[in-house]
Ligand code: BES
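Next up: a single chain in structure tokens, the form predicted on its own.
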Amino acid sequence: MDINFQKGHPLEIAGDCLVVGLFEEEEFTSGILEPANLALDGSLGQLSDEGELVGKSGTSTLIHTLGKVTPKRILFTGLGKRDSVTEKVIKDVFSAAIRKTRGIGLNKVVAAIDTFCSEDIPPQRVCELVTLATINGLYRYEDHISEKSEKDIKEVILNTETPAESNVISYAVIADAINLARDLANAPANFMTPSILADIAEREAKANGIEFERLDEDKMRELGMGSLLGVAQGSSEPAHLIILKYVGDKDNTDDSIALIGKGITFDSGGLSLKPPAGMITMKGDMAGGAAVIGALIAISKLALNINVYGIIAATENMPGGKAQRPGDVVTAMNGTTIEVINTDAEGRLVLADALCYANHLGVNKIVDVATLTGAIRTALGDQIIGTFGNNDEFTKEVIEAGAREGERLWELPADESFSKHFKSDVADIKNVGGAAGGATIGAMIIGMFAEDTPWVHLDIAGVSRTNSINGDDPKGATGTPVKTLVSLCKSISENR
């Protein structure tokens, strides 16, 4: 699918459908509706009088123009009242509109960009939002469906007088990275083993000028990564520590950030076995690792002035004959001993060694991303990322990076008062605490391995998947938080 630009009056641009935004109580001030009404013999005014053509949020009206104006159809989409329109509203409305046009088999869609703008949201930003809405809103995962959908949009025309080509190029890169992360997290576990994930990461790295390395189990054993290997030992699939290295600031190679992703390609819970219903979506327990891979690809394509490591701890968590047992003690790379109380709390175990390795590389900042706890969904629902950190300034920087791109992050406490809950009688720590504060305890266990490095943990367990269409998120993996990670690295690169 191509996204192109064309200037001129929207009613004079050829296309299968022109998409127009309408503000509530301002319908006939759009600059399009009035001339369209005249061309269509007053029929639009009649529809408006009858309450069918309105700008109320969530409404849409499709008009066949019958050759009276150049576009074959016009889709009027309600945005709500102007003073309450947000970037999310615009993105969600256009996502629904572009899916509707695809659903009726159209090929070429024109977006009247200026009709979506408000005082606070200029045309350049609307072009960025429409790009995300188009590429991400039309996403489908059909790799294993025999009869694939034939309907597809071939071209989207952005109709505006404002130059925004560079904005669209950048956001197409980000949208593609989100879809890559979705592809990885949507893939069935038998088609996305740790080895396959590492192979894909290597392929994408080489295609985008990123250095690649994978540590096998022998190398991890040599480095003392007993915490990660303990999780892996129940599976017949070998584990891999995937390392991507993007060098965008060659003059300051000692200054780098690590983006670390949990890459559990299937989580059965281990011997602390999940109930069957709890395993259905566990192919997506590597969504954090998928987001890190997607973000690294986007960062490279955007040529950001920053040095970034992407580290993904990839393994399965299975209940095989060699699986670790509740009560076992493992030793992480930094020498910390961990009593494994619950084998289903494995994310913090694999991330412990991944963070140790990041410190071994000498990074200056760490962000880890993980589908870590069900507790975070209980606390924050399915729209907000749980955020924890050991450095107020850096935590604020990450939260603001997400806010700029419409990904909501909310900081929860990670102070020492919780540490007593994961103190062990037989080891330095245990991998779970009590029933209370589960998301915080999981985060704090990970944070111990950041040591003095500024660190932020993003718990995406509540937002990594959606069970229904939600704006530009189709059912399945969402690709969250690729936008936050790219926004953060972009901000750091611009402020050097």
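Not measured: the values here are computed from a predicted model. Residue numbers run from 1 along the displayed sequence.
Absent from the display: the form predicted in complex with this ligand. The rest refers to it.
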*May I ask whether 342, 372 and 432 all come within 4.5 angstroms of this ligand in the predicted bound form, judged by heavy atoms?*
yes
*Please determine, with the chain shown alone, which of 294 to 302, 342 to 350, 412 to 420, 103 to 111 has non-hydrogen atoms within 4.5 Å of this ligand in the predicted bound form.*
342 to 350
_With the partner left out here, check for me: in the predicted bound form, does some heavy atom of residue 140 sit within 4.5 Å of this ligand?_
no
_Although the partner isn't part of this model, could you tell me whether residue 285 comes within 4.5 Å of this ligand in the predicted bound form, counting any heavy atom of the residue?_
yes
*Going by a heavy atom distance of 4.5 Å, is residue 316 a contact of this ligand in the predicted bound form?*
no
_Residue-level contact is defined here as any heavy atom of the residue lying within 4.5 Å of this ligand in the predicted bound form; does residue 450 satisfy this criterion?_
no
*Please pick, from 274, 404, 88, 219, the one residue with any non-hydrogen atom lying within 4.5 angstroms of this ligand in the predicted bound form.*
274
*Let me know the one among 44, 456, 461, 446 whose heavy atoms come within 4.5 Å of this ligand in the predicted bound form, would you?*
461
*Check each residue of 180 to 218 against this ligand in the predicted bound form and list those with a heavy atom within 4.5 Å, in sequence order.*
none
